[in-house]
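Form predicted on its own, single chain, as structure tokens, below.
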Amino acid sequence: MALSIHSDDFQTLLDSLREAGYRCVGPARDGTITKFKPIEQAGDLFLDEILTTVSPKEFFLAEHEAILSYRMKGKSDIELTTPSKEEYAPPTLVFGCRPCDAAGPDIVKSVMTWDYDDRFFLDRADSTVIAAIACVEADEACFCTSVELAPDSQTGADILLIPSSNSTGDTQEYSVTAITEKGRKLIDSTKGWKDGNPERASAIDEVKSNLKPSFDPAKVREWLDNGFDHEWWNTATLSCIGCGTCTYTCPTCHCFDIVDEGGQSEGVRVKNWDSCMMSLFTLHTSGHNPRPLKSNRFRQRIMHKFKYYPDLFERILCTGCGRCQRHCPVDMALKGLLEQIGRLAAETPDQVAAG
């Protein structure tokens, strides 16, 4: 059965989500930025931007969370407490993200189940339904089609909303496709959805047609196989200031640190976001740092996304969202660097080796 939803029915959906035991997380204004926040009123949803300032990554991989607490009950008796799934992974609908953000958790899941199951990530992924909205706009920072995705990609989404040709201004109508069983279950247990199959907005196909791939990831991966010591790394990354903005806003960067905080009698073990762009990230206790230079660290970022991760999982660790270009204070656009690598890959093997 074909389904649709109208923006006039968003509040009905939100109310029924609460009744069904879900929280809704969606794009909302937060000062000068747009981020994913718990939504109770439809008027708080902000769906007008091409892309939010930050991705919904924090609802899968928390920016900061306690994973264990301890308390001394005697000289040798230690009480250990771990949070319950109900505390850190409540049933959630992520509503209104773009396909590039929906793909993020699905891609990261490969490493979270590689040599160890990260239950915090996996429990959140299991209890979360993602309802993505296909893109009717793109800008110069978008490059999803270069990394095997698309403005209407279903990768990682449980429900896909396609804007209709009837959408105008504040009045929005979407056709609705349930992709997974989780998506179908949520639709069946909530209200606001209606029968219907509105005409697909032509802008979606125009975006797909105009958003041509700007580089070939297979060629990039091939060049990276032999380009580790190429001089290009030293010049291409000179402007990087090592702030980590690219990693923190990225939907697929997943590095974290674990630290113990507290004293002798009680404390907590905490998991925090970390960044490979920080000089402390690989600093050894001995004082040695195998990546002492910014060029080393930026090389690691590109190698991880376009060589190491594909080598292990046959998946590119990038969704082409372009936040690394939108928010980098010195315009160190990953897309531009990959285009440069693509041009280097077109050189003869002798020229590459001579680099």
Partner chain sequence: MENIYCPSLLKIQDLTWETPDTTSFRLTFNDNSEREEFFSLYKVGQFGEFSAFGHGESTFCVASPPTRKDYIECTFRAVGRNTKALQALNEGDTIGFRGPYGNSFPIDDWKGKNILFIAGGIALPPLRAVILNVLDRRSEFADVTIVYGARTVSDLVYKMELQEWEARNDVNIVTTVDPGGETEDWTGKIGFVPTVLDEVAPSNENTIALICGPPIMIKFTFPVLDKLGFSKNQIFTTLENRMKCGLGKCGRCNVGGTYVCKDGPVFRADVLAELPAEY
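On a predicted model such as this, the values are computed, not experimentally measured, just so you know. Numbering follows the first chain given and starts at 1.
Heads up, the form predicted together with its partner chain isn't pictured, but that's what we're talking about next.
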{"item": "Stretch in contact in the predicted bound form with its partner chain, which is absent here, among 128 to 136, 149 to 157, 89 to 97, 249 to 257 (heavy atoms within 4.5 Å)", "value": "249 to 257"}
{"item": "Heavy atom of each of 107, 172 and 310 within 4.5 Å of its partner chain in the predicted bound form", "value": "no"}
{"item": "Close approach of residue 284 to its partner chain in the predicted bound form, 4.5 Å, heavy atom", "value": "yes"}
{"item": "Heavy atom of residue 46 within 4.5 Å of its partner chain in the predicted bound form", "value": "no"}
{"item": "Distance check, residue 223 to its partner chain in the predicted bound form, heavy atom within 4.5 Å", "value": "no"}
{"item": "Contact of residue 216 with its partner chain in the predicted bound form (heavy atom, 4.5 Å)", "value": "no"}
{"item": "The unique member of 202, 209, 264, 84 whose heavy atoms fall within 4.5 Å of its partner chain in the predicted bound form", "value": "264"}
{"item": "Residues in 111 to 129 with any heavy atom within 4.5 Å of its partner chain in the predicted bound form", "value": "111, 112, 113, 114, 115, 116, 117, 118, 119, 120, 122, 123"}
